[in-house]
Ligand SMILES: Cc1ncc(COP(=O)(O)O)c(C=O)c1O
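Take a look at this single chain, the form predicted alone, given in C-alpha cells.
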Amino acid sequence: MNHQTRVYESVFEMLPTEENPSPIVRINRLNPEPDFRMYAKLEWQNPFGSVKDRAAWSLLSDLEARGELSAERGIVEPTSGNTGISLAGMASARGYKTRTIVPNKVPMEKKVMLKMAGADLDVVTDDLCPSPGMGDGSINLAKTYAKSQKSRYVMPNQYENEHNVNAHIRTTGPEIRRQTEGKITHLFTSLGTCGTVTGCATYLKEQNPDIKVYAVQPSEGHDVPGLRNVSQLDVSKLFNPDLIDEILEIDFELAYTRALELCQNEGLFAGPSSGLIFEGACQIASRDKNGFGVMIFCDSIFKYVSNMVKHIPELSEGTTPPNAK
C-alpha cells in the first residue's frame, strides 16, 4: 500500500483513514461570507461512493472478528441505499452474500446499484427511510430474517451499533482536524443513523470543546433519501443531542436547488443531502461572519438523477431529439 503513488493490493486499502483522507475542497463562488472559510469533505471519493463506507467497514470488520460471517452466512440490513451499497460491495469482495431491505421510494438508481453490488433486494412500503414500524417495515423484516434464518444471515444494525459511531471517531474526526490544522470552528452534517454526527462531534469536541456542531434536518414531508428530521429519530439509538449545538431545519426543496448550484458553480457534483447541509452552512456563515467550517458531503449526485428531474423538471428539457415521440 502506497498512498503517494496510489497503488493498492485491494480495494480495502483505499478506504479512508487519517493517512488517506477523503479530500476537503473550499467553496469559492457560492460562499456568502469571505471571512468564513467553507470546506466540503467529499465523501463520494471513498471507494464505494459515500460516507457510509466508514460505518460499513467498521460493521463488517467487527462481524468478521467475531466469526459471524462465512460463505454460507451473510448479511441482512435495512437501508435507504448508501450503507447497503457499501456493505454489499465489501461483502461481495470478501465472498459473503448480502440481502438488503429498502423502502419503495428510494431512487431507482440506488436499487439498481445495490443489485450491481451483489445484493439480493427486498423492496417494502416504507416511505424513504427504513422504518421502525410494524408489519413488513424495513427494519422489522431484516430482524425477521436475522432471527428466523440465523444460519444464513446476521444483521449488523447500523441504527444501534456503536461501531457506526466509532468509525467516525477513528477516521472522519481525526481527518478533519489534521486537514484543517486544528482550525475548524464549525462542523455541519445531517441526521440519518446519526453515526456521523455523533462520532465526529465526540472526537472534535474532545480536541476543542469550542467547536460548534450543526445538524441540518429537512422540513416535514421531505423526500430527501437517507435523511431524517428529529421527529423521525426514534429509529436510531445513536443520536446524542448533547453533542449538537444547534439543529437547523431547512426547506427540503433547497436540497435539490442547492445541489444543482454546487454542480454548476463549484464543480462539485454533490447529492441532495449535501445541498441541504450547504444551505444550513450558508445561513450560519451569514450569521457568524467569521469561522472555518467543514461540511460533510455524504455522496454524489449520480444516484439521484431521477429525483433531481422530479424536483427540477427543466433538467430534462432537450434530452431527447426534437422529433422523438
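Position 1 is the first residue in the sequence shown; the rest follow in order. As the structure is a prediction and not an experimental result, all values here were calculated from the model.
FYI, the form predicted together with the ligand isn't displayed, but the following is about it.
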Open item on the list: Among the candidate stretches 193 to 201, 169 to 177, 111 to 119, 148 to 156, which one is within 4.5 Å of the ligand in the predicted bound form when only heavy atoms are counted?
Closed with: 193 to 201
Task: Contact residue in the predicted bound form, from I211, I139, L227, I250 (heavy atom within 4.5 Å of the ligand) - done: L227
Open item on the list: Considering non-hydrogen atoms and a 4.5 Å limit, does the ligand approach C298 in the predicted bound form?
Closed with: yes
- [ ] Give a yes/no on whether R54 approaches the ligand to within 4.5 Å in the predicted bound form, heavy atoms considered.
- [x] no
Open item on the list: Whether N161 contacts the ligand in the predicted bound form should be assessed with a 4.5 Å heavy atom distance threshold; does it?
Closed with: no
- [ ] Report whether the minimum heavy atom distance between S86 and the ligand in the predicted bound form is within 4.5 Å.
- [x] no
